[in-house]
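Given next, in structure tokens, is a single chain: the form predicted alone.
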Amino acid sequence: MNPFDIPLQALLGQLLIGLVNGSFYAMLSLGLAVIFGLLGIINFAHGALYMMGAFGAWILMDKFGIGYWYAIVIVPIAIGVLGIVIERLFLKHLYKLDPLYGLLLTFGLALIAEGIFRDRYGVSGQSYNVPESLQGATDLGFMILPNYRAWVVLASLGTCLGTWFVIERTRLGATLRAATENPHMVQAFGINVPIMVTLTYGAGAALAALAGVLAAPVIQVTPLMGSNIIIVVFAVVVIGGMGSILGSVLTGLALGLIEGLTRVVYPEASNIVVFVIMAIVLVLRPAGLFGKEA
């Protein structure tokens, strides 16, 4: 299809969908990059934490009548605490081993979580209504912009930039990075490195849960939603560079837009375009676009 023959509204609509998807890619890849960059763990359970975040919002609404704005605070904290428990019980024993062991363990945890939710809720999916304050749309003249999708993009960008700023531009972030490079030296200054590591994993889990809460009104809440997106998110992290926070955010947004554009120009390739780009990047720059060469 010739891009110049596509109606402007259809093109902008697909780019908006791509930007929303890219926002989720950016938030999830951000959490993966934080955990891998600071802990060296390839966290395959990230998709399951994202799914549990969406289910947490739905359960609060369906069972307890607790609305979206409370859920967006309660659920990330709860899943963050769960992440802390996972790190203390399982992951702390793997830091000196090959990252493959962490990948296998978190993959197993993801399968357990998905199995539990599939057994309890099935795979048909649950609907979660857009909060009343974000319903409706805004007429921009050249397109109609749904208010909730605009909120998703702004919230995701704010979260990603805030996390990047904390890790790259603050004393706390500098201490975290130093602790990953030389934990014994940092501990000699009286800093409890194991606690910092644990809280870092909890923060990464909370980011995944926040993405799940944001996604709940956009897509069906289903136990499969984590496994459906995690492979794409891993591709985003590989393209951006393992451990590169800024690279993951920028790559996630860019690939979301490319995916949306591909749906208009050549829909058959929209499901594989991310992986084609990943293959090209790995051939030309194995460390990723923003990663550091070994």
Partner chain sequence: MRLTTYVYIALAALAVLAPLIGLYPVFVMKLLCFAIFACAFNLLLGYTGLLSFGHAAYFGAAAYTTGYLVKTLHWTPEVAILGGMALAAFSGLIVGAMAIRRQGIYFAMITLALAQMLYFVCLQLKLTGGEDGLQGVPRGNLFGMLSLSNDTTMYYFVLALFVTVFLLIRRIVHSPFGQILKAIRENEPRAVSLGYDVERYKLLAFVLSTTLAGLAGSLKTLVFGFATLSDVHWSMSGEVILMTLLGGVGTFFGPVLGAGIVVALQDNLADKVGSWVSVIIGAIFVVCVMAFRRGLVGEAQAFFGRKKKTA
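Residue numbers count along the first chain shown, from 1. Please read these numbers as outputs of a predicted model, since none were measured by experiment.
Separately, the form predicted together with the partner chain exists; it is not shown, and the next lines address it.
Checking Val81, Leu172, Leu111, Ile195 for any heavy atom within 4.5 Å of the partner chain in the model of the complex turns up a single hit: Leu111.
When contacts are judged by a 4.5 Å heavy atom cut-off, Leu19 does not count as touching the partner chain in the model of the complex. The partner chain in the model of the complex comes within 4.5 Å of a heavy atom belonging to His93. Contact between Leu103 and the partner chain in the model of the complex is found at the 4.5 Å heavy atom cutoff. In the model of the complex, the partner chain sits within 4.5 Å of a heavy atom belonging to Pro99. Across the options 51-59, 230-238, 64-72, 247-255, residues that bring heavy atoms within 4.5 Å of the partner chain in the model of the complex belong to 230-238.
In the model of the complex, the partner chain lies within 4.5 angstroms of at least one heavy atom of each of the following residues of 114-140: Glu114, Gly115, Ile116, Arg118, Asp119, in sequence order.
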